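Okay, so here's just one chain, in structure tokens, the form predicted alone.
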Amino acid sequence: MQADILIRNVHLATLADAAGYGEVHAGALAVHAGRIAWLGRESELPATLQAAQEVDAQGGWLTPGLIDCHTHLVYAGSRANEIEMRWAGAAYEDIARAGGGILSSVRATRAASATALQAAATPRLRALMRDGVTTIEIKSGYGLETATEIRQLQVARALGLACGVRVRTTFLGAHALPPEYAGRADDYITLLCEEMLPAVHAAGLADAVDGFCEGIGFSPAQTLRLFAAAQALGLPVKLHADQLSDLSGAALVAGCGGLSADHMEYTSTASVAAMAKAGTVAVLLPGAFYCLKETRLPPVAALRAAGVPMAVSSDCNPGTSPGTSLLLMLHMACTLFGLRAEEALAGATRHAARALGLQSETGCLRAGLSADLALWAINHPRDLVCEFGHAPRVASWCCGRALDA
């Protein structure tokens, strides 16, 4: 049996089981051709196994590489002034209606070159990689016009190639109504369906389609129009749902067989039931909850009782979650939302993979899956969630290739 890499003297947290960490003590893991070829107790290593490279993990823990399944990583400009405004009492909706919020980032991003966008986004991605991230979703949505949306998605793909991580791109043209379409939301949806989405799809730049279904975003009917156009092109859908009010967005995306409903602070029990039936993942975003000083909690107990998988993500964006630590978000998901530590870690591995449609490729340690791995100098996997502010990552690999974060 041949292997490219053999990691020995390591404890494994496979995250492959429905509960717990999937602990294998005194273990080993072999990688061949970018895939996990073997894993188990080191005492049970096949006698015929020969490896080109051996890694002594020195008693550390190996987990699946972490997955950040909801980010807005590619943007220009800063919205720190808006955070100060909210601290002074301004409401997010009021800032947005006054031309701030998403539209502030749109103005800056439209004016930025691809080179400038990539240069700005690279440190954000590197910071997430230092937290063990090996797969990341990156949305567009700060262009709201064809050329800039395409430029954002091209930069997202280029970031993956430059940094060696797996990038999934999501078209979020329905993020906000651009100023040139003020008062003409239906016309803008027509533009999305008939021009922007087909152009993005023809360029092979979108792995999924997202929208912002909200009072300051788009109506359920408008969202359904976009989703119908996406599905006609064979693209899966996901949704910013029920963040500021309950428009039954989670039920809407579940009814379309969507990958995920994200945010969900105002999601109803009826929508939770629809998600459970459809297999739609709930993506929890504690960074935005915290930054907006939200008080309405997502229905974690109902999601848990219904068996809805819960992912956790950074929501890295300039205005409502300007953070680049997925490990901190895991801690916040437990502290603010009541997740258990093992649920949070599953939310950034197994369930996050499902939220991206990658559950057959990554998200846990299992023979045959991609060798997306993170090695940690910790005493137990719970340390990744319970502690924060330090950097326990020792090494990580994506598709069997060592990453330099």
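These figures come from a predicted structure and were not determined experimentally. Numbers follow the displayed sequence, beginning with 1.
The form predicted together with a small molecule exists for this protein as well; it is not shown, and the discussion that follows is about that form.
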Stretch from 185-193, 311-319, 230-238, 115-123 whose residues place a heavy atom within 4.5 Å of the small molecule in the predicted bound form: 311-319
4.5 Å heavy atom contact, V200 to the small molecule in the predicted bound form: no
Using heavy atoms and a 4.5 Å limit, would one call H331 a contact residue for the small molecule in the predicted bound form? no
Within 4.5 Å, heavy atoms only: does F212 come near the small molecule in the predicted bound form? yes
Close approach of L159 to the small molecule in the predicted bound form, 4.5 Å, heavy atom: no
Is every one of Y181, F218 and R225 within 4.5 Å of the small molecule in the predicted bound form, counting heavy atoms? no
The small molecule: the contacting residue among Q243, T134, T109, T170 in the predicted bound form [heavy atom, 4.5 Å]: Q243
